[in-house]
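Consider the single chain below, provided in C-alpha cells and representing the form predicted alone.
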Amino acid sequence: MTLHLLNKSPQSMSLYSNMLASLSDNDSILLIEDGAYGALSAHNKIFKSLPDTVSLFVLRADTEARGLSERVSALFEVIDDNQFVELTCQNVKVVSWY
C-alpha cells in the first residue's frame, strides 16, 4: 500500500500519467496544494477508470484556500490534516509527485 501525494494541477498531465501508471491495488492518492484542482468534476476522466481498490482524497485546507470546497467531485473524500497523518501511518510507503 502506497500513498501518492500529488501537488500539481492537472495541467501537469505527464506527471499525472506517470503517477497513475505506477498505481497498485489498495494504493491511495491524496491531492494537496495545487493538486486540489484535480478534484474538480471537470477532471473526473483522469480518475474514473481507476479500480475501486484505489482511494482518492483531497486535503480540505487546500480546497478551502482555493475556493474549491463546494466543487469537489464525489469521487474524492475531503480530509483534514489529522486524517492526512493517519493516511501516512496506514500506508507502507509515501511517494511525493512534484
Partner chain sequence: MSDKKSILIINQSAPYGSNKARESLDVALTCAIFEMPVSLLFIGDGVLQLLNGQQPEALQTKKHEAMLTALPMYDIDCLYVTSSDLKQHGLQSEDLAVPVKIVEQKQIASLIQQHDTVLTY
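Because the structure is predicted, anything quoted here is derived from the model rather than measured. Numbering follows the first chain given and starts at 1.
Quick note: we don't show the form predicted together with its partner chain, though the next part is all about it.
Among Leu75, Leu87, Ile79, Leu15, the residue placing a heavy atom within 4.5 Å of its partner chain in the predicted complex is Leu15. Residue contact with its partner chain in the predicted complex: Ser24 places a heavy atom within 4.5 Å of it.
Taking non-hydrogen atoms only, Thr2 approaches its partner chain to within 4.5 angstroms in the predicted complex. Using a 4.5 Å cut-off on any heavy atom, the residues of 73-98 that reach its partner chain in the predicted complex are, in sequence order, Lys93, Val94, Val95, Ser96, Trp97, Tyr98.
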